[in-house]
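The chain below stands alone and is given in structure tokens; this is the form predicted on its own.
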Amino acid sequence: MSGSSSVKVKKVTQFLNRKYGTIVWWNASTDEVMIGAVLTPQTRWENVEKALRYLRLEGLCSIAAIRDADHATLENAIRCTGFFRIKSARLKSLATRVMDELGGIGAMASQSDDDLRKNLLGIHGIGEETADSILCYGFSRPRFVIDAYTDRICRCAGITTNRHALKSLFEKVLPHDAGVFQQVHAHIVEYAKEYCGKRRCKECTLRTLNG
């Protein structure tokens, strides 16, 4: 792949769109997206799905329920995602801030994109990746998610910029639409699971585009 980073990003997104087309990925309530976004780091998505099922069985798959949940019950439900004590504490911080200080999810939905992101980043344990996941998938805001999959795939395609600049690149190149951002990120995740996760590097077409 030659040319500027913007051209490379366009070629990557076009290739992935041809490969996967329209897919449904992470179609869930705002509560569930927020919980899942906190559970996602440093684990496989399959483990997050398992934890979400356990939380539903315990009646804890909502921000309000998480705030009032017994610590031991919450930790046990999400144990399969790893670092469960840390993630439990982060979920508690998120739920308490949302319910007690930000007026609940309904009130948050009325905030501007920038204010909503600022408030999320102000919660202990919520970093940029988690905040943008919540914004994009939970509140349908046009904020592109840069995660380990995106970073790895872009580097394989010859895009070696830092994560902050990479986020700006995607948001500049793509139509400013949350649905588009969701699709592109979903394509990246599916491709990474299919190739990176199975160490099929020699079969990776994106590496051949890097030239």
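Only the largest set of C-alpha atoms that superpose within 1.5 Å between the two forms is called the rigid core. The structure displayed is predicted, hence computed values, not measured ones. All residue numbers are counted from 1 along the displayed sequence.
Form predicted in complex with the DNA: not shown, discussed below.
Residue contact check for Phe139: none of its heavy atoms lie within 4.5 Å of the DNA in the model of the complex. Although the partner is absent here, Gly104 is not a contact residue: none of its heavy atoms lies within 4.5 angstroms of the DNA in the model of the complex. Although the partner is absent here, Arg79 sits close enough that one of its heavy atoms falls within 4.5 Å of the DNA in the model of the complex. Although the partner is absent here, Lys202 sits far enough away that none of its heavy atoms falls within 4.5 Å of the DNA in the model of the complex. Of the stretches 168-176, 141-149, 27-35, 62-70, only 141-149 has residues with a heavy atom within 4.5 Å of the DNA in the model of the complex.
Site residues Thr13, Lys19 and Arg155 are none of them in contact with the DNA in the model of the complex, judged by any heavy atom within 4.5 Å. Contacts between stretch 36-59 and the DNA, counted in the model of the complex as any heavy atom lying within 4.5 Å, involve Thr40, Pro41, Gln42, Thr43, Arg44, Trp45, Asn47, Lys50, listed in sequence order.
Once you line up the core between this form and the one not shown, the Cα of Val9 stays within less than 2 Å of where it was. Comparing the forms between this form and the one not shown on their rigid core, the Cα displacement of Arg18 stays under 2 Å.
Inter-residue distance, Arg163 to Arg200 (Cα): reduced by at least 3 Å in the model of the complex versus the depicted form. Relative to this form, the distance between the C-alpha atoms of Tyr20 and Arg200 is increased by at least 3 angstroms in the model of the complex.
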